[in-house]
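We begin with a single chain expressed as C-alpha cells, specifically the form predicted alone.
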Amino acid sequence: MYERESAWDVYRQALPVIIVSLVAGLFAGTILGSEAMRDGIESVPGILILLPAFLATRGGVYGSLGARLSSGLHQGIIEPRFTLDRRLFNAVIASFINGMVVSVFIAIVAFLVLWIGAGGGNLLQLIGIMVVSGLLSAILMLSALVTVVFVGYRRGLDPDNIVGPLVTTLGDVFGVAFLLVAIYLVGLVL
C-alpha cells in the first residue's frame, strides 16, 4: 500500500512540472527557430558547434546544484529559507564558477573544431558570447532554481521530483534566449 501511495505522490508532483517543461521547451524551440537566431547562427561561425554543449552543461552544472539542495533539505542541513547559509552560499558559488569555466571551455573547443575543420573562426567572439550567455543564464537559473526548490519544499513537494525537469527546462529556455542576446551584444562590440 505504501509503495502505491509513494508512486502516486511522485506522479502527482512531477506531472505538472513536466507539462510546464514541455511548454517551455517548445518556447525555447521557437526562439531557436526564429529569424533572429538563424541570422545569428549565420553571422557567427561556431554557434551550432557550441550550442548543444552549452545547453547540456546548463543541465549538468545546475542539476548538480539541485541535487545538492535536495539532499541538504532532506538531511536537514539546509533550511528552506533565503538566509545567508554558508553551505547554500558555497554550493551556489561553486555552481556559478563551474558554469562560467565550462562556458569558456566550450568556446575554446568550438573554436578548435572550427579551426581544424574550416580553418577559421573568431576565438574572442566565441568566448565573449559564451561569457555573456553563461553569466546571464547562471544568474537567472540560480535564482529560479533555489526559489522553486525552497518554495516547493515548504509547500510539501519533494525536490527530487521537480529538480530534473526544472533544471533542464530552465537551461534550455535561458540558454537559448541568452545565447541570442549574447550574439547581439558581442556583435555590437566586435
Partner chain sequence: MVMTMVPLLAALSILQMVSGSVLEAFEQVLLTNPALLILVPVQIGTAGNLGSIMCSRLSTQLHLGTFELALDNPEVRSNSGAVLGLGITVFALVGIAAWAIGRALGGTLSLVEVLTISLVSGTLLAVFVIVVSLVAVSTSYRLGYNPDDTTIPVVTNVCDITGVLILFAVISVVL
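Just so it is clear, the structure is predicted and the values come from calculations on it, not from any experiment. Numbering follows the first chain given and starts at 1. Between two forms, the rigid core is the largest collection of C-alphas that superpose within 1.5 Å.
Omitted from view is the form predicted together with its partner chain, to which the following refers.
Only one segment in the set 119-127, 132-140, 29-37, 153-161 has residues whose heavy atoms sit within 4.5 Å of its partner chain in the predicted bound form; it is 29-37.
Proximity to its partner chain in the predicted bound form holds for all of L51, G60 and I97, with the criterion being a heavy atom within 4.5 Å.
With a 4.5 Å cutoff on heavy atoms, V146 does not count as touching its partner chain in the predicted bound form; it lies far away. A14 belongs to the set of residues with a heavy atom inside 4.5 Å of its partner chain in the predicted bound form. Although the partner is absent here, F105 lies within 4.5 Å of its partner chain in the predicted bound form, judged by heavy atoms.
In the predicted bound form, its partner chain stays beyond 4.5 Å of every heavy atom belonging to L73.
Heavy atoms closer than or equal to 4.5 Å to its partner chain in the predicted bound form belong, across 110-131, to the residues A110, V113, L114, ordered by sequence position. Relative to the superposed core, L180 shifts its CA atom by less than 2 Å between this form and the one not shown.
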